[in-house]
Each structure stands twice: as C-alpha cells, then as structure tokens.
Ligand SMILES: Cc1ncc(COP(=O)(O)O)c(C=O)c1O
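In structure tokens, one chain follows: the form predicted on its own.
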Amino acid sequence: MTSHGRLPPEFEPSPFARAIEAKRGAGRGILDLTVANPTRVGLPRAAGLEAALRGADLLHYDPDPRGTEAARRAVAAYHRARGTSASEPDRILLTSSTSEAYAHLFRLLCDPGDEVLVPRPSYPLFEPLARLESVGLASYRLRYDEGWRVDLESVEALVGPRTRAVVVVQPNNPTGSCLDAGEAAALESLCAERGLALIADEVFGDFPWPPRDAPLPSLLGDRGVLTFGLNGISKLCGLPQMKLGWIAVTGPEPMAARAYEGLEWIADLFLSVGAPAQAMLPWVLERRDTFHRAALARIHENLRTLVAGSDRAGYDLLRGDGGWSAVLRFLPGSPAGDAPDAAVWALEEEDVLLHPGHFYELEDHDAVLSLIAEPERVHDGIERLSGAKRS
C-alpha cells in the first residue's frame, strides 16, 4: 500500500510501549496507575442494565441521522438539569463517540488545508483525527502558575486566514483545568471578531475536584458565536462500550440552524449510532447517579492520597478543576525528578506505570495517572515511588 500524508509514516510501537511489553514478557508485575476504563476499575453501574437492554425494542430500524427523538430529548433534559440552554432536541445530534464528533466538525467547518486551534498540553487525539481529514492544527499554550491558565496572546497570535475554529477541552485531559469567566469571554470575543467557531469538549464536566461539588461551568449557552458542545455516556455514565456521544449546537441564528443542517447531512452518510445504544440512552441518563457518585468518591479519595504522598515521593500535584487525570510534577532531588524521564524511571525502577509527560506535550519530569484507578492501587503506587516498598 502506498503511504500518504493522512497516515503515520510507520506503525511501530514507541520505545516506552516496548519497555512495558518487555517487562510483562519477563513476568514482572506492573502496577498500572494509568487505567481509565471505567468498566475495569470496580466502579458500579446502574442496576438492571442487562434487563432493560433485553426489554428494549431492538428489532425495528427507523434511521434518523440526528438520532432518535427520544434519545435527543433525553440529552436535552440532561443539559437542562445542568443549567445550559442546549436543551432543544433539534439542536442535538448523536454520534458514536467524541472522536467521530470531532471528525464531523472538521468536515463541517474546514476545507483541506484549513486550520483548527487546539490546547497544549492535551490528550494526543487531535493530530491524527485532523490529519485524516486533511486539516491542519496549531497549538495554543496552557501555562501553569499555581493553576493552569490559557495564554490568550498565544491564541490570538495563531489565528490566520485559514483558521476556522478553536477547541477548548474543559476539564482538560490531563491538566484538569477549565476556563475562568474572563478567559471564556476573551475567547468568545476573539472568535466573534475573526469569524471562528468554538468547539467545547466537556466530557469530564460532571466530575469536579474538591472543594467544588457542583458540575463545572459549560461553554454552551447564549453565546454570540457558533458553539459546539461535545459529551457522551462513556465518561458521564461509565459506559464506553455503548459507543454513544453527541454534539449540541448553540449560537446565533440562522448560523446555528445552518450548521446543524450540515451535521445532519454528514451524519446521514454514516448512520453510525447503533439502535440499541439509542434505545437505552434515556434509561442510562436517568440512572447515571449510581456511577457518578461512586466515581466522584473515587476521584476525591485518590486526590487525598496524592496530596498525602507528595512530600515523601518528591512531586507536586498540579492544581486542576476536575476530570479523571492528575499531573504529578517530580521535583529536583527526588529519584524521578532527577531522571531524564520520570515515567521511564518509575517503570524501570519501581514497576509503576505512569503516562509520560511528553505523551501530552508536558515536560519529561511530569507524569500523568488516572484518578479512577482503584484507591488501593494508587496508594501502593505512591508507596513504591516514595521508596517505602523498595527492596
């Protein structure tokens, strides 16, 4: 097969991935602190899911590229409960995932060679998705100073004649940061002035960190720019296997109406959302509290463990607002902080698996772990990193 620019030049695993496999192949037990699959960390889900699925009408197929009306009404009710104005079913479009939502939006907003601005650091999803759609990316900076803030000057400097949208992830993965009111207003003003759309990925918005206990603010609402909100039940309900997300469209009319028509046309080419997931969506959204409460309790307990172990293990827990990931910044004088790469040191010396900072365009002395991992696992991992369990 002839290679082209939409695919990576090679498909070989990274050196870090090879090191993990070598450890496992040698029979070494790795303590994995990166697991973020909610179905594999002992978190509960709503009772009766299997019975409800068996009772759903799954034999009839009535395709609607937007998603069934019942499913879209359920999403609208969720947004109303969160206090956003993205509550009209006719401005909500179902997708099979957030990845598909991004792909649809790149197709909607961009011609080949156009550009989208994305945050750095962030989860390494945007580049391959944009490459597949022949869309360019430019990364604006999140800077850390007792908390993560958007470098608004870097955003403005990146906007060019082919820029079409700005992506905001809040809470960001992995930094856990959200825009404050001033940053949101400044971004909205810039987008309005330059004719840019705003894409708000808010899949972790219902998982605030203490002391906050209410859902985190949303960028959806009565904004003066075309805004697309992304969410789904993978994180919200702990059901990644059901493969269901959505795009909520808000902004000035008739711009929002035209954008929604374009999304409907794109979705009609794929019809990718399965009928069982759509049929179950009202049921799982109504019963999301079981998982939600358990996940929040898990996140809060793991944050307490990370704070308690920071001095002994020689790291700072970087401040965030919410989400499922935490960034540890290992300090000079600690074994991990003095190593060329903190995550490589943790894997090689203590059999502890952390995500390397460079995976997210963080520094090499940074490492990322999951906050929904089992608390005993996180505690044991911090003990190892602090030297308490070294042989």
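Keep in mind that this is a model prediction, so the values were computed, not measured. Start at 1 with the first residue shown and count on from there.
Missing here is the form predicted in complex with the ligand; even so, the following discussion is about that form.
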item	value
Contacting member of 305, 97, 290, 272, with respect to the ligand in the model of the complex [4.5 Å, heavy atom]	97
Heavy atom within 4.5 Å of the ligand in the model of the complex - the one residue of 148, 204, 315, 209 that qualifies	204
Options 192-200, 168-176, 154-162, 263-271; stretch whose heavy atom lies within 4.5 Å of the ligand in the model of the complex	168-176
Exercise: residue 139 in contact with the ligand in the model of the complex, heavy atom 4.5 Å	no
4.5 Å heavy atom contact, residue 134 and the ligand in the model of the complex	no
Residue 144: touches the ligand in the model of the complex, heavy atom cutoff 4.5 angstroms	no
Residue 123, heavy atom within 4.5 angstroms of the ligand in the model of the complex	yes
Heavy atom within 4.5 Å of the ligand in the model of the complex - qualifying residues of 221-239	234, 235
